[in-house]
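Starting off, we have a lone chain in the form predicted alone, written out as structure tokens.
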Amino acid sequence: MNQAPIIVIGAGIAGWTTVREFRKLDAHAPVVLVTADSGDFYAKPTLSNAYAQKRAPYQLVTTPAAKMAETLQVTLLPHARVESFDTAAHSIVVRQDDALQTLTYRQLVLATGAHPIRVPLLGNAADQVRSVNSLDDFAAFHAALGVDATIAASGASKTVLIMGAGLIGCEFANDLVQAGVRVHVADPAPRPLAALLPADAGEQLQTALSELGVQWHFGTSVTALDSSPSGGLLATLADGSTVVADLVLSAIGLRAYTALALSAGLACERGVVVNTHLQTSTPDVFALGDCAQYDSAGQRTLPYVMPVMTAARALAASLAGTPTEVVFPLMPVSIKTPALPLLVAAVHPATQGQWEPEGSEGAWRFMDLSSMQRGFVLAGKSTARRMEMTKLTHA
């Protein structure tokens, strides 16, 4: 009898890493990977720091899809979309090249990622707001900005308005301003990375990027986007001020993609709910990556690379026949802002306590109500204290 395959939906880091880890344990079980894009393998975090390095979109691909499929012995269905899946029948319906086919699965893995949060805007150019959440998005943004945006047709640098001063917004701001682009950033918060950093650290980052030329608009947000009479786009902010820009980039966050899971009756909250074995509310259906809400992480989504790698290894073992719980160690996140390098061990949002400066300049720790260190932030040269601070922190 032909064995039904493991089917993985999504060819990002979560999908491909799960397959790679599975192949280390089982070289023969059939695997099918379905993806809406080409399936080329690239590191998504490189999208926010590639422009200043003058790296073209194709240069971010580390392994072409065909090579990935050949090496890992995967049946790859690129440029295909899963229309629905039936958990009782263990089947999915896939649309590819305007044709539908039904595939049965032994186990199904949802690695569908997250999509950019978009806020409604007024104005006749509201549909021209861009997001960069994939290689295709970056290619479009790269083409619109131009290979060298420092000299526009008018003889002046091009201008980009970034909506959002969170992690991705700050990384893009640093990258673009380093490339000679004029950068404006608008955010309702009082400073950059307000949800992640203590106030002092956020102010240091604000100053460092300001010195490079980033112009901040805090305590406000973009409400309308219109075509500018002089060319480009005219953004109106909630405080009544305006910014004229060549491009507007939305970086206000990501929301786990749950539509497919919801349509199949799976439990979803902030993401697809999974237990410690990464199993969803339905047997033989698993989820990981940006689309998942992890029980092992206190019912949180973890949109970072290291949690994906950790989850993929555990899931691969389970798929290969050894049920394995995922255990997330403390995983500090490096923020790619060369103006002020940052390392953040984020605190669970429900943890009560406060930030305190720690030792040398550029170090803060989050102390809970029982005086236990639960997280930390390191800036500049203090990022060298990563191992020391990690040992002192209780996840």
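Computed from a predicted model, the values in this text were never measured in an experiment. Each residue number is its position in the shown sequence, starting from 1.
The same protein also has a form predicted together with a small molecule, omitted here; what follows describes it.
Assess the spot marked by Val82, Ala111 and Ile168: is the small molecule within 4.5 Å of a heavy atom from every one of these residues in the model of the complex? Every residue of the spot touches the small molecule in the model of the complex.
Identify which of Leu209, Leu121, Val305, Val273 has a heavy atom within 4.5 Å of the small molecule in the model of the complex; exactly one of them does. When the small molecule is considered in the model of the complex, the option within 4.5 Å is Val305.
Among Asp37, Asp26, Glu356, Asp368, which has at least one heavy atom within 4.5 Å of the small molecule in the model of the complex? In short, Asp37.
Please name which of the stretches 111 to 119, 312 to 320, 230 to 238, 182 to 190 has residues with heavy atoms lying within 4.5 Å of the small molecule in the model of the complex. In the other structure, the partner sits against 111 to 119.
Answer with yes or no whether Lys67 is in contact with the small molecule in the model of the complex, where contact means some heavy atom within 4.5 Å. No, Lys67 is distant from the partner.
Heavy atom to heavy atom, is Pro45 within 4.5 Å of the small molecule in the model of the complex? Within the cut-off, so yes.
Using the partner position in the model of the complex, report whether Ala379 sits within 4.5 Å of the small molecule, counting heavy atoms only. No - in the model of the complex, heavy atoms of Ala379 and the small molecule never come within 4.5 Å of each other.
Consider Phe286 of the chain shown here, and say whether it contacts the small molecule in the model of the complex, taking contact as heavy atoms within 4.5 Å. Heavy-atom contact with the small molecule at 4.5 Å: absent for Phe286.
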